[in-house]
Structures are given as structure tokens and as C-alpha cells.
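A single chain comes next, written as C-alpha cells; it is the form predicted alone.
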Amino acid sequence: MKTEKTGFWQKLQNVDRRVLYLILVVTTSVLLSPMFANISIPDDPEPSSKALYYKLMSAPDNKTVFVQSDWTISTRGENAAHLEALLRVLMSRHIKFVIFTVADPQAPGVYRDVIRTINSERKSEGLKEYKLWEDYLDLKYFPNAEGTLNAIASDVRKAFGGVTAKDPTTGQDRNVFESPVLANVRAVSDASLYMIVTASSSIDRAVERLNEKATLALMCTGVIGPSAIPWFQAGQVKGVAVGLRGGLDVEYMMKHGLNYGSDPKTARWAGHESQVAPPVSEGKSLARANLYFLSFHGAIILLILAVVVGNIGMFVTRKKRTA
């Protein structure tokens, strides 16, 4: 029996690494499939994520939200989940928004893909699709971040005054401030929230220029989180979702709410029990962040198992040699 067991462990140690890679790919792919989409990973969201979700759910639905989307395809694992969750919340509450970037000319392409994805979901669920001009505006790319943020802080109508968009009722290009989305916006303070979704230090410049004129909130990659959280702690940014975990936090609250009644799964925020936010009322809640987090943990479990099996195999082999 001893020799048979030793042979078994030796075979495991000699498994072709390509087999391990194949198992990893299959496992993570399966965990990303729709069959796991409704599995809610247990979560206790970070206080900064709770503050962000409360701000999103308590923002007046008759005021426009500004979305500064400063990320590209390289950080879609985190930022795509952020923007998808943000837009699902806004669309579920029928809040109008403007979206633009000051970071990269490629950024509009990726945020437009996200908008198309969410609209496709809503159409398949029989929900209202968001329409350009009527429900949101795509202001595109502004190459000078500091100059643009200074202009927005000083006079938003001058900052975006030269931008036009097509009015679908007439087929003609019109100034964006003639759209229902911006018709009542005369200063950035008229926006209920100024959201930044980023993989860079955009938030630093925004705090410097907009802190006293707009309600800032942030969704950022894990790399940016440590330098961004102090802005939240100082009260200059009203909510922060950091990395993939931050995306999971928001999706979890979209599913279960915040301080929401007697629901045992709702996120509880000690010291802020009066800040109640319900789950989203329509559309998806658990989505990319939840699936990515599940898949990530599947990969970590495989890694741990591989290390354990390898060490057991080494121990058995050495024991045989010294016997």
C-alpha cells in the first residue's frame, strides 16, 4: 500500500503544467458563466462603499448626475464593473446623466460599450432604454484635464458651451444645453453628484478644483484606493468604491439594500442607521463584480490546492528516500 500511495503522489507532482492551466481556465470560465449570476457572495461592504451607495440612492431623481469616466480597456476588470453598477443604479431610478472623459481619447469607446450593454439588458427585460439627448448626453473627450476642470468649476455653460448633440426629433445638431439633460444646469452645483470612475489620479485634480462646488464621489481601481480614501475620511469625497471589492460592495447593496428593514442580508452601517437605502427597483443587481469576485476566489482555491498537493508530494517522496 505504501509504495502505491507514493507512486500516486509522484504522478501528481509530475503533472504537465499545461494541464493545471487548462483546469484553471475551465474553472474560472465556468464560474463566470450565467449559471452563477444569481449567487450572492456574502459581504460586509466597506464604510466608503456604503456612503457611496447611500449617496446614489438618495440623490434627487430630478437632478442630473455628472459622470467623468477616466478609464480604458486595460482596467475593465475593475472599472467596467464600477461603471456598469453606477449606470444600473441611475437607470433604475430614471436619473439623467452626462458622461465624458478628461483622461484618454480611447475612454469614450469603452464607456459607450457599457451604455450599450446596459441598454441591451434593459430591452431584454422590457425596461425603458436610455436615449441620447433625452436621457443622457455623451460629451466625449476633453484633452486638457486641469483646464477642463477649472472651466467646469468656473462656468459649466462655457466649459461645455461649444458641444453639440443630435436631437433625434429633428435630426439636427443642437447645443447640449438645449437638451432636457442639461437644460436646468447653470452651474456644476446644480448636479446632484459628480461621479468619477477612474484608474488614475483624476480624483486629486477634481478635489482641488471642484470640492467646494460639487458633491464628489469616486469609483477607482485598487491601486488608486489608498491615496483616495483620505479624501473620503476628510469629507471632501462623499463616497468611494475601491477596486473589484468596491464593485462587489455596490452590487451587494443593489441586491440587499443598506440598513433596509429587517432583511438579514442587508448591509448594516453602525452609527449611520438612519441612512437607509433600498435595493435597486429594476434591472440587474448582481453582475460583473460579483462574477469576477467568485471566479477570482475559484482561482485562489485552485492555487492553494496546488501548493498543498505539491508539498504533500514532496514530503511523501522524501520520506520514501530516507526509509
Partner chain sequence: MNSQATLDLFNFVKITCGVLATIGLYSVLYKETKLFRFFEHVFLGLAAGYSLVAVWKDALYTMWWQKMVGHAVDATHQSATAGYWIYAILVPIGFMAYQVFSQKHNWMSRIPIGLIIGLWAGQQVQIWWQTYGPQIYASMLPVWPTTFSSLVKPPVTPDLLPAQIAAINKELYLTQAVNNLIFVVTLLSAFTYFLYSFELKGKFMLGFNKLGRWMLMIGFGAIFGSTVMARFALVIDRMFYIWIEWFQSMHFGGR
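Since the structure is predicted, the reported quantities are computational estimates derived from the model, not experimental observations. Numbering follows the first chain given and starts at 1.
Separately, the form predicted in complex with its partner chain exists; it is not shown, and the next lines address it.
The chain is drawn here without its partner chain; in the model of the complex, the stretch among 182-190, 85-93, 248-256, 233-241 whose residues come within 4.5 Å of it by any heavy atom is 233-241.
Although the partner is absent here, Phe142 sits close enough that one of its heavy atoms falls within 4.5 Å of its partner chain in the model of the complex. Among heavy atoms of Gln172, some come within 4.5 Å of its partner chain in the model of the complex. Interface residue remark: Ile41 is not counted as part of the site for its partner chain in the model of the complex, having no heavy atom within 4.5 Å. Put simply, Glu125 is far from its partner chain in the model of the complex: not one heavy atom of it is within 4.5 Å. Each of Asn150, Val223 and Glu273 places at least one heavy atom within 4.5 Å of its partner chain in the model of the complex.
Site annotation in the model of the complex: the residue of Ser201, Ser120, Gln106, Ser154 reaching within 4.5 Å of its partner chain with a heavy atom is Gln106. Annotation for 13-52: interface residues with its partner chain in the model of the complex are Arg17, Arg18, Tyr21, Leu24, Val25, Thr28, Ser29, Leu32, Ser33, Pro34, Ala37 [heavy atom within 4.5 Å]. Relative to this conformation, a decrease of 3 Å or more in the Cα-Cα distance between Val223 and Thr27 is found in the model of the complex.
Relative to the displayed conformation, the Cα-Cα distance from Val223 to Ile300 shrinks by 3 Å or more in the model of the complex.
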